Ligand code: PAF
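What follows is one chain in structure tokens, specifically the form predicted alone.
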Amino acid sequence: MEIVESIEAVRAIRWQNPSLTWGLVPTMGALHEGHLSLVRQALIDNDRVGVSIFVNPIQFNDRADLERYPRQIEQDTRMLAELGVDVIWVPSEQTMYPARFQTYVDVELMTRSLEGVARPGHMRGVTTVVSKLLHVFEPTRAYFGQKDAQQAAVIQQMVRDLAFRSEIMVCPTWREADGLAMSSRNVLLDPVERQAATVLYRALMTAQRAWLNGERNAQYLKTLMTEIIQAEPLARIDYISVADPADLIEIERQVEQGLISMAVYIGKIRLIDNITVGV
């Protein structure tokens, strides 16, 4: 396994043998089993696998959130080495955004809802960094998790629009035994907050059961989830959404196919989660 920082080093490794297929798993580090599941799938699908670790400053609209984002590079590299990853790319901020950097990638319509509204500039930061990662690495396939459903959909749209050669693979959300979606932010929760955080999954499961039992009214599904979350004293709702999974436009009436998603603060920690129905 090689650990590299520069763009030149990445490209030299990537094109040593052009006939090999490569998978790339872009991450911000603080790896957990959800990330590792993407790596394992990439190892199955490709001849070689790379993982990028870069805490992307331009996707944070809250400086405090950026500063408290967990960083554990030594532990991350050890886990990736045990899995058999071929290269870890750990670019510096200067590598990704050199002096006078001024070019950004903006997927317009699909970022006008959900995280795009709640975190201004966030999605532009995501698409910009991912476009650069794909451009430099040129993987055969790149792997993302369904937990960040809007991010995955927006990246797929960007790849289609700009004719990137990489195939985008979206893999299922990994969960703890009590249903909490695995997230690097979970380590920031104290024990009481960690227990309270299960309210997200309980709310989603309540909506899913209602839909499976024939409930199709989008507003009613949102009301069900709102009531459950508001009953948890440590929880504060940022948004609850029932949207079209194809274009992320909010559904106002009947839900035949839907992305049911939410962002909720547990104490000071903001968590997201989602499920799909009818898809």
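Bear in mind the structure is a predicted one, so any value in this text is a computation, not a measurement. All residue numbers refer to positions in the sequence shown, first residue = 1.
Form predicted in complex with this ligand: not shown, discussed below.
Contact label in the model of the complex: F164 to this ligand, heavy atom within 4.5 Å | Heavy-atom contact with this ligand at 4.5 Å: absent for F164.
| message | So, Q151 and this ligand: in the model of the complex, are they within 4.5 Å at any heavy atom pair? | response | The answer is yes: Q151 has a heavy atom within 4.5 Å of this ligand.
With a 4.5 Å heavy atom cut-off, would you call L80 a contact of this ligand in the model of the complex?
No, L80 stays farther than 4.5 Å from this ligand in the model of the complex.
_Considering non-hydrogen atoms and a 4.5 Å limit, does this ligand approach A181 in the model of the complex?_
Looking in the model of the complex, residue contacts with this ligand do not include A181, since no heavy atom lies within 4.5 Å.
Exercise for review: Only one of I251, M28, L224, L234 comes within 4.5 Å of this ligand in the model of the complex by heavy atoms, so just point that one out.
Suggested key: Partner contact (heavy atom, 4.5 Å) among the options: M28.
Only one of V130, A203, A197, A142 comes within 4.5 Å of this ligand in the model of the complex by heavy atoms, so just point that one out. None of the other options qualify; the answer is V130.
### Query
Using a 4.5 Å heavy atom cut-off, which stretch among 213-221, 226-234, 52-60, 39-47 contacts this ligand in the model of the complex?
Contact-bearing stretch, as computed: 52-60.
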